[in-house]
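Alright, two takes on the same chain below, each alone as structure tokens: structure 1 and structure 2.
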Structure 1
């Protein structure tokens, strides 16, 4: 068989991504149709920058979702004779029934670069958004009281936050994300502390809102505690009684260190906004009504701080993606076979002069995802400032 030309490769790529195109068209069609009823999300479709960003982000989200359908080969299978082959090379001598081409070439272990890139999207999107959510939970749970109450508590927390921020990220990763550290159990302790915050946050949230309706309050708090503690046991201690939820030790340490690095910045942002908002009249009104401090923080201040927080959330997912890539680039915390973008770039960079595509493909993928998130944040900022 002849190798494919660039146009054919492009055509076949478009064809492979078919589920993604359908999902994108559906999302955009429905969203634009009902955009007046969808609040800030709907307004996003008034800004070109925001739409481009959203499209890029959703492209990768759908790619991660439909990765099994999109990938042409198993990301770990090596087919002999395909080592460092250029994009569009036909697969010769492989087992019957596999896709006939390596659309974006083979890497130095004769694996399909395209399939690895697609599967890598799943690896990245499994960790980055979740880690950012956790960082926000920690930052909000600590930042609100620090800004609202001030005093010693604030001084201490701010000092600790600055301490973490003054730590060069790369050094922290090198010290934290090593097999030796996993042996000592430090990641488990860190996870035990950090994973407590989401539960704490939700319990406070329900309790402060519904403490006048004990029946509802008890239901919500009980539900949160049951689900939360179940996940907590599974994720932090790998002790899920049902045996469903668990996290491999090397992923846990990556997750924990990324949360640990991001949380102080979120803390500082939330604290700053709280300091500003607590002087508003509606906070004074709530205080006069006799509302408790946690009600005021979580149900008066937090909803009014959502604009900057949503924008920062998008930016922070992008930053987290970059951090995960950095970890992969230095081979920290990932298994050597993992198709995540950072480590594939690292493996590809040694042979850039012979075969540039194994490093270039994941590099462009990572760049487009982060670019999408940044553009999305920019669009959201523009639209939320408008009203």
Structure 2
């Protein structure tokens, strides 16, 4: 077979991403149709910048979801004779039934660059959004009472947050995943502490909201504790009695490091917003009605802080994606054979002058995802300011 030309490669790439195109069309069609009923999310479709950012982000989200259908080869499979081959090279001598071409070429270990890029999206999006959610849980749970109550509690938490933020982010992130630190057990101890915050947050949420409805409150709190502690045992200690929930040790280290690095910044943002909002008239009215402090924090202050927090959440996923790529580039945190974009860029850079495509493809993927998150944050900020 003859090698494919660039037009043929582009046509085949478009064909491979067909599930993504269908999902994007359905998402945009339904969202635009019902945008007036969808709050801030619906208003996003009035912003050109926001729509472009949303399209880029959802492209990679759907790519991660449909990665098994999109990828043309196993990302770990090595086929003889395909080392550093250029894009569009036909596969010769491969196993029966494999895709006939390496659409974006082969890397220095004769693996398909396109398939590694596609599966790498799943690796990145499996960690970055979830770790950012956990960081927000920690930051909100501590930032709300710090800003609302003030005093020594606020002073202590602010000091600890500033202590963590005094270290350069990349250096701190790098130190937390080095083998020497891992051997001390510090990441496990951090996981034991940080993974409790989502449970604590939800328990306080239900208790404050349904305090006057004990039956409903007790049901929600009980469900949160049962499910939360089950997930907590599996994720933090790999001790799920059912053997369903677990997190590989290397992923746990990266996950905890992301949460630990991001939580102090979220804490400071939430604390600052709380200091401003607690002086508003509707907070004073809630206090006059006799509402409890946690009700006021979670149901009066937090909803009115959602605009800045949603924008920061999008930006923080982008920062986390860059951090994960940096870790992979240094060969830390994830397994060496992982198709995550950072590791792929690191392996491809070694022969950059001879075969640039193994490093260039994941680098462009990483750039487009972060660009999409930044544009999405800009669109959300633009629309939130109009409220």
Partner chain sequence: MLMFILRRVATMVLTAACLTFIVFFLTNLEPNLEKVAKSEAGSRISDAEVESWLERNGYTRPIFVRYGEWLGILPGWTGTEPDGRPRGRCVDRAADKANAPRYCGLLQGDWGFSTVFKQPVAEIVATRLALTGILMFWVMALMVPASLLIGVLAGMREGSRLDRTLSTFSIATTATPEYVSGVIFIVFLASNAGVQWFKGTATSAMDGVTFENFFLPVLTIALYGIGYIARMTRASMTEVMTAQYIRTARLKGMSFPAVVVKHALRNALIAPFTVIMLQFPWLLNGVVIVETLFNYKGFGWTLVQAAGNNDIELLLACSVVAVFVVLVTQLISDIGYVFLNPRIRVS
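Since the structure is predicted, the reported quantities are computational estimates derived from the model, not experimental observations. Residue numbers count along the first chain shown, from 1. If you superpose the two forms and keep the largest set of C-alpha atoms that fall within 1.5 Å, you have the rigid core.
The form predicted on its own corresponds to structure 2; structure 1 is the other form. Residue 173: CA moves 2 Å or more between structures 1 and 2 after rigid-core fitting.
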